[in-house]
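Presented as structure tokens, the chain that follows is alone, the form predicted alone.
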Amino acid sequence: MSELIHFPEFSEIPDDLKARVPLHQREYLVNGDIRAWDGEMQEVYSPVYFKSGSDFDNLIGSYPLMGEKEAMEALDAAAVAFNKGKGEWPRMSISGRIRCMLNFVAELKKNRSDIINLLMWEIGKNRKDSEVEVDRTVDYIIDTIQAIKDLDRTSSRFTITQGVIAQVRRSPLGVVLCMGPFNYPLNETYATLIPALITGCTVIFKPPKLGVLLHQPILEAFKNSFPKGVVNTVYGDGKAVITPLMQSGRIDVLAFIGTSQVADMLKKTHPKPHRLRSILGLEAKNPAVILPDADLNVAVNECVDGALAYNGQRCTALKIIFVHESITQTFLDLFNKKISSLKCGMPWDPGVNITPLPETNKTEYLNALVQDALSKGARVVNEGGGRFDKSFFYPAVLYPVNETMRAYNEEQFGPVVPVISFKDISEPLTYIENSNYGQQASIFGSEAGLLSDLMDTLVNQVCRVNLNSKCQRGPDVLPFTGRKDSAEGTLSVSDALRGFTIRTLVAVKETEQNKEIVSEILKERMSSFLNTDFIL
């Protein structure tokens, strides 16, 4: 490990990537118009440094720094488009909204390569994972379309009970503020934006602070696919553009993926919090528990991938590992050997695993976690662990970790792996029970009786228990949520449709006159709500 990482000469960067930067975005979408911005700009710096002359550079573009005026224009546009439920979009048939969404998918696919390249530039995600993020987003949209068809088919039936004829459907809640995370700036943002749109809500969309430019190629797709005011974008500092939106009281749904601290702050600024629906994906400190009878080859492979995929920058990453004392050293030997085989490099390098980190001062923060642990009795047990250069940090395995260390309690969101040896299963269980977080856990073992007992305990502490596998979100048809400070609401292809809607019904007394009225409405297809259409 003589050279930690090779930051390239600009001439060494693939031509298709060089063609995308610098990208100085001066466009934003409001009320169906792509407007030009001539105000202050925020510079965008890549985690990828490249040699420029005798020095290094990483400036790759800029985007608009908007203010309250522009934020309120976006809100006005979204509110008018919804028009208290009377707008074209909320009143449009499901079939009509599906046609708009299919057009958007076609437009999105055309920009696939540009989005992939900008994911690599902006957040340092390797090419393979960037491709997966775009393709998974397309699949998610198609699955959402199928899910709303299924939901509509079920809702097309009538219920007749106790002399009342009723049809129950789901109606959109109104104006949605969508804010996604930097680690999956396309996929996780669209995991809320797409179901909000297809259910009839209108949207104000603010990209994450990191991962902004990649949305620029998609503005035309939004403009060409949806009625004016249905999708609106805002850019800039959250205090300048998000605070006035929330303070207005006109945001009906907050769809936010980030930290619980920011989520709490946003909710408190809304003057009528009881009227605000919140769908939140927040932080986690997901543990792995390695039992003495675990298949160590499986456990090591899953834990390395779970802890270090995309440099550990996933809410579903394994953030702390408990290993039974009888196998701790064997596990660590195999774990460290596996880490040493991971390839470090630039996001576009073939087969690369560990790449530069996009957050400002992230390497310094991770180093502080390591130094804190070292000062309290831990060691870095893998070769080269904890070395860093500019935005790159080589994975550090810390052992033995205890409750006095920051790495024990803080969500590191990066390539630092705390390992704890335990004697009794009560030790990791106590950690999980006392944790502020409750998203997922992974358990590795072979004895069915013990595993079943652990599962029955853990399902009341976390929302997904993974048996002999890493923590993860997918498949997207499965519910994704968390307890405690890890989430509010549930996301999945079907659950998200319910998150942005409310059950609504039309009910009439079962009289001959009412039957005739309902029959005429159905026969002449007068209502988009009251109907028995079956969407194929």
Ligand code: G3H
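Computed from a predicted structure; not experimentally measured. Each residue number is its position in the shown sequence, starting from 1.
The same protein has a further form, the form predicted together with the ligand, not shown here; the description that follows concerns it.
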Margin query: If the cut-off is 4.5 angstroms on heavy atoms, which of these, S492, N58, T501, Q472, is the one near the ligand in the model of the complex?
Written below: Q472
Next item on the list: Consider the chain as shown here, without its partner, and state which of K285, R314, K206, H215 has a heavy atom within 4.5 Å of the ligand in the model of the complex.
Entry: R314
Margin query: At 4.5 Å by heavy atoms, is each residue in R136, N183 and E188 next to the ligand in the model of the complex?
Written below: yes
Notebook entry, point to check: Out of the stretches listed (492 to 500, 474 to 482, 47 to 55, 65 to 73), which one is close to the ligand in the model of the complex, meaning heavy atoms within 4.5 Å?
Noted result: 474 to 482
Checklist line | in the model of the complex, residues of 432 to 451 near the ligand [heavy atom within 4.5 Å] | finding: none
